[in-house]
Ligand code: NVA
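In structure tokens, the next block holds one chain alone, the form predicted on its own.
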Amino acid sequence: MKDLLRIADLTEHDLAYLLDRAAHLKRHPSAAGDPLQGRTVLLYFAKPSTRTRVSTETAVVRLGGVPLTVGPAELQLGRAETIADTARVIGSYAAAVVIRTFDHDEVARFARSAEVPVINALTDAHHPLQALADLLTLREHFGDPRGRRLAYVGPATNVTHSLMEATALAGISLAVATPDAYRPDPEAEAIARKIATGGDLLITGDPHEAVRGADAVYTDVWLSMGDPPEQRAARTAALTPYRVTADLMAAAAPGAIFLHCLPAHRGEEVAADVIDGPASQVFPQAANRLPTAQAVLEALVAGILAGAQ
């Protein structure tokens, strides 16, 4: 396996390995040594980033490498030069490439032409690095998460698609509560059902049905990066019944936790007393972006993942 573009690129064994390795690297950050000593990793960000950029840059440094972060104004990617040509050139300089952009196909095209590992740091379709941190958080809180129930409430986003694939591989049941207009992409849903190793996938319009008995409740912002601002009023009207409140959390299982990929808008997708309350695990979840990124970089550069066929 050369690249990580979506969770479905992994096998069940790959996923377990990355979570085990991330847990170990979280306890022992220098355990990986310096496999990137004297090498650079290019990080291309066409969108703003807090957690992904800082965690990935730090992961590169912990592996002994030098992160080189650039934006659209600094590369000729897709403008004066084709994506394929840019990928071949950068692949001759860097040990790996991390890309955050809009169109998922752009990352896929880059990966096909680059000879070094390419990691999807978020596209409109998938956010695999976030999903790995989410699974590590569930594992830390519950032990083996297989057989647990996760509820996602709100509009289907790239995070939802990656959660669908991650929970399917991990044997976790997932219920997605969203209005019909904001349902997950059918292709992502089909892939998640195909790779499932246990657990169920439910898509419903009823947030209480999704949350009932859940061990964790997850939400995301109602208006994502790249969504037209003029959609805000319509989205708010459609999604207000899907706000995660204390009353909705009360329908979950005893001891249920709250998750959010951040940034969060208190009073919109989640009530302040939920995200700032005792059930919230959003900051440990955010912290887990670092060891999971370190594990992914180490594994891809070393070429030790099998990858789904």
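Since we're looking at a predicted model, the values are computed, not measured. Throughout, we count residues from 1 along the sequence that is shown.
Separately, the form predicted in complex with the ligand exists; it is not shown, and the next lines address it.
**Q** Consider residue 122 of the chain shown here, and say whether it contacts the ligand in the predicted bound form, taking contact as heavy atoms within 4.5 Å.
**A** Because a heavy atom of residue 122 falls inside 4.5 Å of the ligand in the predicted bound form, the answer is yes.
**Q** Could you confirm whether residue 261 comes within 4.5 Å of the ligand in the predicted bound form, counting heavy atoms only?
**A** Residue 261: yes, in contact with the ligand in the predicted bound form.
**Q** Contact between residue 215 and the ligand in the predicted bound form at 4.5 Å, heavy atoms?
**A** No - in the predicted bound form, heavy atoms of residue 215 and the ligand never come within 4.5 Å of each other.
**Q** Taking the shortest heavy atom distance, is residue 188 within 4.5 Å of the ligand in the predicted bound form?
**A** Because no heavy atom of residue 188 falls inside 4.5 Å of the ligand in the predicted bound form, the answer is no.
**Q** Have a look at 137, 173, 86, 157 for me and say which one sits with a heavy atom within 4.5 Å of the ligand in the predicted bound form.
**A** Spelling it out, the residue with a heavy atom inside the cut-off is 157.
**Q** Work out which of 168, 111, 153, 221 lies within 4.5 Å of the ligand in the predicted bound form, going by heavy atoms.
**A** Looking at 168, 111, 153, 221 one by one, just 221 meets the 4.5 Å heavy-atom criterion.
**Q** In the predicted bound form, which of the stretches 205-213, 68-76, 157-165, 230-238 has residues with heavy atoms within 4.5 Å of the ligand?
**A** Among the listed stretches, the partner-contacting one is 157-165.
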